[in-house]
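For reference, the chain that follows is the form predicted on its own, supplied as structure tokens.
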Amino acid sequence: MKMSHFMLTGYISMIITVIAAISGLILAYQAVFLTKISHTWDLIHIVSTFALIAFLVPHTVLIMIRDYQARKTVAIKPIIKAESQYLQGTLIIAVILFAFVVLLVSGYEPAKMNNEFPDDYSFLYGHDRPFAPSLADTNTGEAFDAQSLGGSEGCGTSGCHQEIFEEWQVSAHRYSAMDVGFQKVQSVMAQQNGPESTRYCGGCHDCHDPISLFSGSKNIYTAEDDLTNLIGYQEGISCLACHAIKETDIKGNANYVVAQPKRYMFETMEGDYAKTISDFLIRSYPRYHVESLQRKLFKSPEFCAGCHKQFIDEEINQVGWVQLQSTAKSI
């Protein structure tokens, strides 16, 4: 049988379909059972998808043109009828599947982030400096929902960052907000200088409690307050509290800016099913996860200096600038 261009494009489309299906199944397996997908298989899947479009479209269009030109021929009418029925069936299935996807999307309710300051929040230094006297700030100048910077446990239970998560669990960073000395100093500052002064500790002092600072929780902190249920208290300097930093200043004292990370579907929701789906999506589409949470800044000494150079300024001691300890002496 002579090979026609219809047959050639059809066979090539069939081979590419098999390649796309196999690579898709492999990627799905990796996203479910492994910690990351293969770059090679991901590239094969993407290229085969576009290649399928490149060959399937001309294959289909050429057949439609041929049938249109020959539809007056009696012998071709049964074929045209069969093709029409097949096309109608395909369209019906496509519409049903599309409607099912639309139904799923419309039924999904993303976690709502409350990026508002508490009603009783004190703007002692003005609305343009809501976190003052801390030098830390958000890129929007607004509060960030505590859960948007929390959830460090998920980084470890996913299996992707197990080793670094275990290191963080027992680190001074993790227990920074629980530190007895820090809590005592914070309580005394609140009593002597007002609750707003504790924001200075929250952003600085090794950035003990950034989640509470940016969520607007550092409003009234005294010795009688119960802090144990706060995300900031439990996680201290969380994974995202560091990875959300987009720029720093080497003057120290937590002079940095954070951007609220966008979370994947179901990532902030509780439950095994939500966790399984969000982990699958992160591994399947890791580019955004990497681009939004990994920056060259993290590998520079200036990043650490943003918190590890400390001083007291006149706003706090009412006297003048005083240099404190610095574990970033080279900066």
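A residue's number is simply how far along the shown sequence it sits, counting from 1. All values derive from a computational prediction rather than experimental measurement.
There is also a form predicted together with a small molecule; it is not shown, and the following applies to it.
**Student:** So which of 124, 185, 87, 259 reaches within 4.5 angstroms of the small molecule in the model of the complex, heavy atom to heavy atom?
**Tutor:** None of the others qualify; the residue that does is 185.
**Student:** Quick check on residue 142: any heavy atom within 4.5 Å of the small molecule in the model of the complex?
**Tutor:** No, residue 142 is distant from the partner.
**Student:** Report whether the minimum heavy atom distance between residue 247 and the small molecule in the model of the complex is within 4.5 Å.
**Tutor:** Contact check for residue 247: no, nothing within 4.5 Å of the small molecule in the model of the complex.
**Student:** Closest heavy atom of residue 165 to the small molecule in the model of the complex, within 4.5 Å or not?
**Tutor:** So residue 165 counts as contacting the small molecule.
**Student:** With the partner left out of view, is residue 239 within 4.5 angstroms of the small molecule in the model of the complex by any non-hydrogen atom?
**Tutor:** Answer yes; at least one heavy atom of residue 239 falls within 4.5 Å of the small molecule in the model of the complex.
**Student:** Tell me which of 110 to 118, 92 to 100, 79 to 87, 171 to 179 has residues with heavy atoms within 4.5 angstroms of the small molecule in the model of the complex?
**Tutor:** Of the options given, it is 171 to 179.
**Student:** Should the three residues 189, 294 and 310 be counted as contacting the small molecule in the model of the complex, with contact defined as a heavy atom within 4.5 Å for each?
**Tutor:** Verified in the model of the complex; spot residues all in contact, yes.
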